[in-house]
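The chain below stands alone and is given as structure tokens, in the form predicted on its own.
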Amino acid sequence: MHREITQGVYYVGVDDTHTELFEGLWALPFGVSYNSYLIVDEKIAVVETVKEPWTEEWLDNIREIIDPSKIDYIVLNHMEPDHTGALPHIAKIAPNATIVYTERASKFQKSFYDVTLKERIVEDLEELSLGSKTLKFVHAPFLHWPETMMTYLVEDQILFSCDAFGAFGALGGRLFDDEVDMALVEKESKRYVSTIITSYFKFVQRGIQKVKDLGIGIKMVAPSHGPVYRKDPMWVINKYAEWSSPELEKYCIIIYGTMYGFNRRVAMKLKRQLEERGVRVIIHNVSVSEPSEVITDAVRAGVIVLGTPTYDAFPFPRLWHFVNEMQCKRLQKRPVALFGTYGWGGGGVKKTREMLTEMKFEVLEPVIRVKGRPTDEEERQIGELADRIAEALK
């Protein structure tokens, strides 16, 4: 089904409640939406398509309003397949349409689909008249791909913001921010930002500043995933600014793995010592916690604590994966504390420390290695490490 969001502008997106992992990695307990918008004027434009398996539902939504063959412009803010998968299908139905996108997007399109529709390569802040409505294209590279742009509908002051200001969660017919559970939206927006856009936080900050510098009015923010913000469009912009800020928060996260409980014992001892020093602590067992929750809590933490048992002379695999994720997501540099247990050979802590040093993280001393259960000396070291973490958070 479709919904009119303002006169002549329609939501024609779809819900995905079948995909379990976004990008094959991040859990979708509430699904996800693929948002697409139809603008009907003297000329007809569609902003974004949808993921390919949902093509027919998307086309049916458009057919409720107009004949899809009459579409004049297909505006592609971003070439990722959850935005463009339906492009080859709409290209056959609307062979006279023109694709509107950035130069880099054109190159991506040719390698992804090689659709032979006419193209209009738009420069930053270029405008396109549809008749009574005007589209302005705002380049936003690395939000979160290099070819990305946002599209601004000038007369109605709607910012079609692409992946910026998006959220996980299917909509179920509740499209606007005044129709949904905003507590859940906040949680799923923060998880979306942390898992999808962490590597590009500086570009988020630049993008927000660029939009503010344009001095444009914003009555709605219409992202490619999640609700449309009409009651308080600045809410999501301000939240994104907060979540992508380089200023970290004054809490500590302990991320640990354990096979038989020995390493958990050390983790809980350290947690208790930290709390006695007034430190706020979030703790995750990597074998149990959903990876997106771990990343979300780690992104803003002032200190990250890693705890690994030794597994076949290496770090515990799921903890090792998180360390690699720290590198992949380009987590902002901050102090990292390290502890681990071993039964006979050791190696887990040593290899983790080497990786952290190579990544240019400051590793707090003491680094604690426990054979079996903590000795009195190691108990003392846990207290000393708690002091160092508390000090670092000040």
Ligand SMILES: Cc1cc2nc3c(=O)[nH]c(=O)nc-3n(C[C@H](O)[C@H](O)[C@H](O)COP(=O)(O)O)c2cc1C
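Just so we're clear, the structure is a prediction, and the values are computed from it rather than from any experiment. Note that residue numbering follows the sequence shown and begins at 1.
We do not show the form predicted in complex with this ligand, though everything after this point is about it.
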* Asked: Can you say which of 187-195, 142-150, 263-271, 161-169 gets within 4.5 Å of this ligand in the model of the complex, counting heavy atoms only?
  -> 263-271
* Structure fact -> this ligand in the model of the complex has a heavy atom of only one listed residue within 4.5 Å, and of 244, 258, 109, 292 that residue is 258
* Out of 54, 342, 26, 37, which one falls within 4.5 Å of this ligand in the model of the complex, going by heavy atoms? -> 342
* Counting only non-hydrogen atoms and a 4.5 angstroms cut-off, does residue 224 reach this ligand in the model of the complex? -> no
* Any of the heavy atoms of residue 335 lying within 4.5 Å of this ligand in the model of the complex? -> no
* Looking at the partner-bound form in the model of the complex, is residue 311 within 4.5 Å of this ligand by any heavy atom? -> yes
* Would residue 346 count as a contact of this ligand in the model of the complex, using a 4.5 angstroms cut-off between non-hydrogen atoms? -> yes
